[in-house]
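Heads up, the chain below is alone and in the form predicted on its own; it's given as structure tokens.
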Amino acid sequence: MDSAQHMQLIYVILAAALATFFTRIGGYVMITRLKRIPPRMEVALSAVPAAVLSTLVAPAFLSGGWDGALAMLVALVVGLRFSSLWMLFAGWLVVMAVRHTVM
């Protein structure tokens, strides 16, 4: 990697760091200046955990192989009825069973 590419990479990393910092600090400043959180903002903030979870799970489900997708589906069904620990155990059990019997 030559010097120009090296500096360009450093600039990209610094820009990403600054964007992340200002996004986080901007949210904090905005929330602390409000006396009361507006209902629309409260609804938007309540949707954040589901959005983050879907961005973490969707790529693994679509490109992780059929054993991982099957395990996620089983974990979803178990998670609708039982606690998180049982959901985790069911997903793990399916992946291990598939990998030891088929692969």
Partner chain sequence: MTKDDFWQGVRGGFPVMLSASPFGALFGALAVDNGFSVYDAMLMSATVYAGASQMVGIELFGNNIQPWLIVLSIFAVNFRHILYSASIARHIRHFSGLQKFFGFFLLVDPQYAETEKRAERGEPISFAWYLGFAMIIYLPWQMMTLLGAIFGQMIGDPRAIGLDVLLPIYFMGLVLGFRRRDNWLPVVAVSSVVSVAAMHVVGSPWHVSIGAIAGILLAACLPLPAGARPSVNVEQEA
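Here the structure is a predicted model, which means the values were calculated and not measured. Here, rigid core means the biggest group of C-alpha atoms that superpose within 1.5 Å across both forms. Numbering follows the first chain given and starts at 1.
Same protein, other form: the form predicted in complex with its partner chain, not shown, and the subject of what follows.
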(message) With its partner chain taken in the model of the complex, which residues across 65-83 come within 4.5 angstroms through any non-hydrogen atom?
(response) 67, 68, 71, 72, 75, 76, 79, 80
(request) Compare the position of the CA of residue 24 between the shown form and the other one after a rigid core fit and state whether the shift reaches 2 Å. (result) yes
(request) Taking the rigid core as the superposition reference, indicate whether the CA of residue 85 shifts 2 angstroms or more between the shown form and the other one. (result) no
